[in-house]
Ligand SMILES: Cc1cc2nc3c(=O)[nH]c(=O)nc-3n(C[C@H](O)[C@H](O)[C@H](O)COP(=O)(O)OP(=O)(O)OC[C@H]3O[C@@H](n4cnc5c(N)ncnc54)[C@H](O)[C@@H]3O)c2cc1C
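Presented as structure tokens, the chain that follows is alone, the form predicted on its own.
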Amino acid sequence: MKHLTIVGGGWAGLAAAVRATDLGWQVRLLEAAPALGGRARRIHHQGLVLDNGPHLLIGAYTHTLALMQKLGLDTERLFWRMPLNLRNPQGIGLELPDLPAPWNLLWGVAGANALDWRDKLALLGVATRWQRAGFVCTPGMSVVELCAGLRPRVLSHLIEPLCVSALNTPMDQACATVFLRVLRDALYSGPGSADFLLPRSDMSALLPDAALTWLRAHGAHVELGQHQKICPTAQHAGDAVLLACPAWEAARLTQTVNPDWSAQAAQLSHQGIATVYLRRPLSSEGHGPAHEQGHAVLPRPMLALDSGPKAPAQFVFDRGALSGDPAQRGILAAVVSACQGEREHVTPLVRAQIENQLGLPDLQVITTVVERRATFSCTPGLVRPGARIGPGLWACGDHVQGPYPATLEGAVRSGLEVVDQLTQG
């Protein structure tokens, strides 16, 4: 039996471990942290179950959904599914109806109340050109360059929130090639591909918990709290080592094995994500709007926000409405993508933003979680390191060469594909 050692238990490493175990490899997975999940896992704070950052999935994330189903998870019950909705608390923005492409986009643009007829015609014209070109553009273009000719309201109400949420990179710095790939898969991959999938549970319950149970039940060895100080090497012919750790850690581990690959991984720049957790005090007498008497605080489980320098959050999630858990009632999670500020600076700005835009006074700050290197910067012309490092040594993760930005789907696809490559020799 061939042996595979996987260093890193994030979503890429877990996907690789499941695929390799299924193909007959003897798998040993080493994770430095005390829990699996990487940047998509549960955390505990003062008796509350939170996440190190909420994640928004879409219906086009077919590999991630298929992996969950393989592990025995009911994806229909795990997620709150709703058509793409970028409307702010005042109802301004884009919302796609539950229709097949391209009718959903046509109908959504026609009903976009933030845009006038000139905005709509320009947007439909540009979208038509993108489709006719096969969602391919000139290499090295930024999203801003790609969208030249679109009016400011289209950029602020549609392109910018889509770009930041998908690529976690400001649109003037974001790669147009990757942006178009995400749009293509979301809009033209079949019914429901553009739907938002909002987790009803914490992130660990979406994949890491089930993967750990499945792996151990199928003979894989999972070791937590195992920090690799030196780069492991395969001990026998046919065995392999897979680095499923972050880019900077993989770069450190491979400095002497493959200096060129190490340098390429080390040169990746990163973007931060901050999540500000807030609690809305709810009246014990049951006064106030009807939805406040249940678990919901917001009119929808997720709202887009008007963002800017002094209003940095792009989205807010209603954890009570999503989970139905009484312990989560009144808790909101506001997400700041491409976050540059310190926790002490971001937190009061987000609190004031939510209070002003949603009309929710007296919000209490629970905590702010900052992942300073949450994703790589998806910039134009970026060359990402390949999956093969050297004989018997491979890498996977959303930072490894591939068509997707730093998303859970990108991580899962990378883990699955690298195992298929090394299995085929």
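Throughout, we count residues from 1 along the sequence that is shown. Since the model is a prediction, treat every value here as computed from it, not as a measurement.
Omitted here: the form predicted together with the named molecule. The next part is about that form.
With the partner omitted from this view, the residue of Pro246, Gly108, Pro170, Pro89 that lies near the named molecule in the predicted complex is Pro246 [heavy atom within 4.5 Å]. In the predicted complex, the named molecule lies farther than 4.5 Å from every heavy atom of Trp394.
Contact between Gln226 and the named molecule in the predicted complex is found at the 4.5 Å heavy atom cutoff. Within this chain, Thr407 lines the site of the named molecule in the predicted complex, having a heavy atom no more than 4.5 Å away.
Residue contact check for Gly38: one or more of its heavy atoms lie within 4.5 Å of the named molecule in the predicted complex. Picking from 352-360, 382-390, 29-37, 66-74 the stretch near the named molecule in the predicted complex, with a 4.5 Å limit on heavy atoms, gives 29-37. Taking the named molecule as it sits in the predicted complex, the stretch 371-407 comes within 4.5 angstroms of it through a non-hydrogen atom at Glu371, Ala374, Thr375, Gly397, Asp398, Ala406, Thr407.
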